[in-house]
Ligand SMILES: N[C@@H](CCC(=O)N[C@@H](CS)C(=O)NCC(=O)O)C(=O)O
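Form predicted on its own, single chain, as structure tokens, below.
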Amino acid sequence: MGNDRLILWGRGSSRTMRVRWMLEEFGLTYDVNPIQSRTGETKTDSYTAINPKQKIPSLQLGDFVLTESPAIITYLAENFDPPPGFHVPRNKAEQATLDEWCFFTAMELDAHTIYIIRRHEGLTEIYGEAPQAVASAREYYSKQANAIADRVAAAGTYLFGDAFSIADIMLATCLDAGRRYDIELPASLDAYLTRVERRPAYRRAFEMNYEGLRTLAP
């Protein structure tokens, strides 16, 4: 891909946060086009040509464009040199476990619960109210969070012991969303999230992704 630079499209959401965090963890050089959802910026002809889904984030490297935050951070993990202390699966079983964590958080926490709460509690002016669906989503989020609490506690500092991974980025952004929606986390997940959010790359990414939009937690 020659001297093409990585370009991140998007800011201000947990999904753009994932990609920015990953880029910061790897110390990669990249540019940002800080377009946001619901501003009209994702619906321009120029961006639609990049991502016809008109959503963020997108990652561009020359003519190569990748969308969907789990796919983007997986691509970065597999195609760039990992920093010290970053988990790289050594066999098929470890790869499957990594995939399990990523798919679980993307589906059971993000798509099935957080997205419903976001739409029908935080954006009712666009998507309308659906109190029963929101209540069900909150209950399901808590159920799934409790289901993994002991496993996270037993894992160590991160999901793979002392080694950080894309699975931690996925889980932490989903736990952060739950916390922002006032869902009480099990003690082990609350402690885990606090540890993860102390990482310098997280704090850099947070400040840049949410600049002017959210306050950086202590």
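So that there is no doubt, residue numbering starts at 1 and follows the sequence shown. It should be emphasised that the depicted structure is a prediction, and the values quoted were computed from it without experimental measurement.
Beyond what is shown, the protein has a form predicted together with the ligand; the following relates to that form.
Undergrad: With a 4.5 Å heavy atom cut-off, would you call Arg151 a contact of the ligand in the predicted complex?
TA: It does not: once the ligand is placed as it appears in the predicted complex, Arg151 has no heavy atom within 4.5 Å of it.
Undergrad: In the predicted complex, is there a heavy atom of the ligand that lies within 4.5 Å of any heavy atom of Thr48, even though the partner is absent here?
TA: Outside the cut-off, so no.
Undergrad: Would you check, heavy atoms only and a 4.5 Å threshold, whether Arg15 touches the ligand in the predicted complex?
TA: Result yes; Arg15 sits at the interface with the ligand in the predicted complex.
Undergrad: Please tell me whether any heavy atom belonging to Asp190 falls inside 4.5 Å of a heavy atom of the ligand, as the geometry stands in the predicted complex.
TA: No, Asp190 is distant from the partner.
Undergrad: Looking at the ligand in the predicted complex, do all three of Arg38, Lys55 and Glu68 come within 4.5 Å of it through at least one heavy atom?
TA: Yes.
Undergrad: Going by heavy atoms within 4.5 Å, which of 152-160, 180-188, 25-33, 55-63 lines up against the ligand in the predicted complex?
TA: Careful reading of the contacts points to 55-63.
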